[in-house]
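This document starts with one chain, in the form predicted alone, laid out as structure tokens.
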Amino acid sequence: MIPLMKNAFLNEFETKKALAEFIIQSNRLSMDVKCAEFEKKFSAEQGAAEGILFNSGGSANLAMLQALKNLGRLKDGDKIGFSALTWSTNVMPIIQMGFIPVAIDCTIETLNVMSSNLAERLKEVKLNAFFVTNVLGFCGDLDNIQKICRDQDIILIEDNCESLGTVIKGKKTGNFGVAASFSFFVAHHMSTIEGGMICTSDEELAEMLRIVRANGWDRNLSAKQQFRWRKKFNIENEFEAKYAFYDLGFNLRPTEITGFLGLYQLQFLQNNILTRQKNYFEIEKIIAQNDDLLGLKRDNIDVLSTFAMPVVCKDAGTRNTYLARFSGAGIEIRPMIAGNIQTQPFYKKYVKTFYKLEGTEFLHHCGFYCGNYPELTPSDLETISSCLFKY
């Protein structure tokens, strides 16, 4: 069996031993100094001014939209574009916040929304924001997407949960919008078991995200920020401030275990990224030799930090053939994320307007993926390769 991920952590035994020692020695396991230290180091690694740690990547997505709404940058009924090839937690918060979701098609050869896809949708609908997903380590032409959004006053936010470490034109994905989410769930580039992060260089947004993360209160703000909030709402003393709630929020806080694991796993990240890229390039060569399969375009990408090994077949019938091969070889496989999100039961229940999505629909029926991670052995890669040859 070649699973989607062999271990919960990179260097698993070493990590578990260090974690056990940390838990035994710690006086406090609720969110504290390790979380703050991880926020600082991760945001520096990403190249952003602020990092806000959450209990999951999905929570990070929810918090981004709530924070933007709290700040008045988005309001009920605003139309939010999103990548149609995505995960449920990109779309559900749009609906839950009272916004109107607008699906944006992707391009087959990149798996991602390109600026041309966004421009096409903007011909028929005005967007207030665009929530772009950087899919499976790949990405669209984010620089051009950023320009369109800037020119048309569209708030751009990124889901970078699957593309941590990917670099396009000298810039890491997750740095093109006002904020970006990251996931540290098991099987992602780095694992804290559960966990997520938002990186942003927008100070006002970062402040509101910390309020949203912790029930709407100010406990995790700086002393200067606390003073400003308390003065604004006439909170007279520290005693009253303990249970003062300033805006809408949730309990999305991580634990010190999350912070510790994030710091520990961060040391392995760069090698992890380069190994994933090397693995994918090896499989890519096999795909290029098989006309049953479609090669993916990556000429816009400097560093390809693949989340998985995507496979795109020429038609649905051909996919069935390769699905059988992979399953027969004991390789764990998955659909191309959630496919065409408009076909999902929750979407049909809550959304009234649907759009034509030719690229996304093709990938829904003709694509799948298997795992990619540093623990894949030469034998594992040979097994995956053998399933991709044309016989």
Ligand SMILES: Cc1ncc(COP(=O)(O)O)c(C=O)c1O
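For every residue, the number given is its place in the sequence shown, counted from 1. Everything quoted here is computed from the prediction, not taken from an experiment.
One more form of this protein, predicted together with this ligand, exists but is not displayed; see below.
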- Which one, F185, Y264, W217, F250, lies within 4.5 Å of this ligand in the model of the complex by heavy atoms? F185
- Among T89, Q146, N175, N279, which has any heavy atom within 4.5 Å of this ligand in the model of the complex? T89
- Message: With the partner left out here, check for me: in the model of the complex, does some heavy atom of G57 sit within 4.5 Å of this ligand?
- Response: yes
- D105: touches this ligand in the model of the complex, heavy atom cutoff 4.5 angstroms: no
- Would T360 count as touching this ligand in the model of the complex under a 4.5 Å heavy atom rule? no
- Query: Do T133 and this ligand come within 4.5 Å of each other in the model of the complex, heavy atoms counted?
  - Reply: yes
- Note on the structure: Within 4.5 Å of this ligand in the model of the complex by heavy atoms, the stretch out of 30 to 38, 58 to 66, 45 to 53, 323 to 331 is 58 to 66
- Item | Residues in 128 to 163 close to this ligand in the model of the complex, defined by a heavy atom within 4.5 Å, in order | T133, D159, C161, E162
